[in-house]
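Okay, so we've got a single protein chain in two different forms coming up as structure tokens, structure 1 first and structure 2 after it.
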Structure 1
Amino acid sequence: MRIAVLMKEVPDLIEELELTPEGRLETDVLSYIPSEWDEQALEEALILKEESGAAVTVVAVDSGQVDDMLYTALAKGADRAVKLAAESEVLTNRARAALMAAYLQQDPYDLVLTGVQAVDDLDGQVAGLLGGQLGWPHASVVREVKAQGEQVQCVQEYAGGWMATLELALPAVLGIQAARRPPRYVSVAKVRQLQKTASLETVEVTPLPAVELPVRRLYRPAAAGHATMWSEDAAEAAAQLVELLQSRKLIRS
């Protein structure tokens, strides 16, 4: 079985997000990390490889900062890493999905795993966009992917803790919510080591047509309310908690 894992790097939300006066994100100050759900998707693919001998390819749209992420994936056990060359640097996610769909048409895989969503655009739409564009069965918000010959089994999650076990015929696209095990760790030293021998492939593709809506502006939510902030000192804040709970009769006074 050939598995493609689509991976993307996203801004680290621990850092402050700065906006330009035009309502664009100030990108120079951002630091990037691999999208956590993509790391879950990669882990699930590597577990499938261990169980059934799949070949795992990690695929990223080349934004200029995906090399570390891809080398790390190779060091963890992926067999190939592919960068999709985009003509323009700023792509909407719809355009990126169209690029990925075009690639998947020319280099066919049995199973494509994406992260369930990514924190930057919070879209969670790539699995569906690819499924729709390629005409493949697809399911998002899934876990526990098992290969069974010409099909895969997985668990899909719904609201309130409901779930279902699904079987999908291959080729299929799955949006991964969580891997069966926490993503494996690989040391920086091992990644550096591998970087000397392994190489990343670059593939040029012409995106399939897609309808795009430009984002007019980004802005901070006007907080409907904001917490009354207590002291940042733990002991003082704890005393303020106790006072509040006493006044609300939530603890005995």
Structure 2
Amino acid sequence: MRIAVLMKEVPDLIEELELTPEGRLETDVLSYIPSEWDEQALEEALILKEESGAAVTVVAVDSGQVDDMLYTALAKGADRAVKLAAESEVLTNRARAALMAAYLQQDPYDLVLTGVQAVDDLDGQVAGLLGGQLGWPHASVVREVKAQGEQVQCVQEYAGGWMATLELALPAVLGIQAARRPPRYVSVAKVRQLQKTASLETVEVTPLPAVELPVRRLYRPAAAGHATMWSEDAAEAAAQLVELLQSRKLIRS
């Protein structure tokens, strides 16, 4: 079985996000980390490799900052790492899916895994978009993937905690919610050592047609309220509390 894991890097939300005057995300000051759900997808692929001897290829759109992520995936146990050349470093999910679908058409795989969503969009559409463009069956919010000959079995989660066991004919696309175990750790030293011996493949593809839904502007969330600091003196704080309750007609004077 040949498995492709589609990964991308997302802004590290530990750092504060800034907007340009035009309402765009200021990308020059961002630091990036691998999407946590894509790391779950990679771990599930590596588990399948251990169980069935599958070959795992990690694929990412070349945003200029994906090399460390791809080398880390190789250090964890992936067999190949592929960068897809793109005209823009900032892509919508539809543009990303169109680029990856074109690659998957020219280099077919039996199973494609990707994270169910990412913190920079949270729309959870990549697996469905890929399945639709390729004409392959797909499922999202998935865990516990098991290979069964010409089929793959998985557990899909629904609202309210309901679970269903599905069987999909291969080739198929799955959006992974969680792997069967936490993503494995690999040391920075091992990654740096691998960078000296392993190589990343760069592939140029022509994206398939995609319907775009452009984001015209971003806004900071409006503050719903502000905290009021009361006096440290107990009597003054009590008086302030009484005044507040009276102003809201919660007590009578």
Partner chain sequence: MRPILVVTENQGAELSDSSRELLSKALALTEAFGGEVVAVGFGEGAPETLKRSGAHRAVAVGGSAVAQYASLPYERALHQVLERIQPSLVLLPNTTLGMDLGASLAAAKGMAMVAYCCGLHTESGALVATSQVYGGKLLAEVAIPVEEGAPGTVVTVLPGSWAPEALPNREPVLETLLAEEAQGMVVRETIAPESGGDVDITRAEVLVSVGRGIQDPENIPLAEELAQVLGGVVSCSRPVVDAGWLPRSRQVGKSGLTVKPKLYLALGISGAPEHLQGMKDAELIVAVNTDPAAPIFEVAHYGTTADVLDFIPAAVEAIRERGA
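Heads up, when I say rigid core I mean the largest set of C-alphas that superpose within 1.5 Å between the two forms. The structure displayed is predicted, hence computed values, not measured ones. Numbers follow structure 1, counted from its first residue as 1.
Note that the form predicted alone is the one shown as structure 2, not structure 1. Core-superposed comparison between the two structures: the Cα of L244 travels 2 Å or more. After superposition on the rigid core, the Cα atom of S231 is displaced by 2 Å or more between the two structures.
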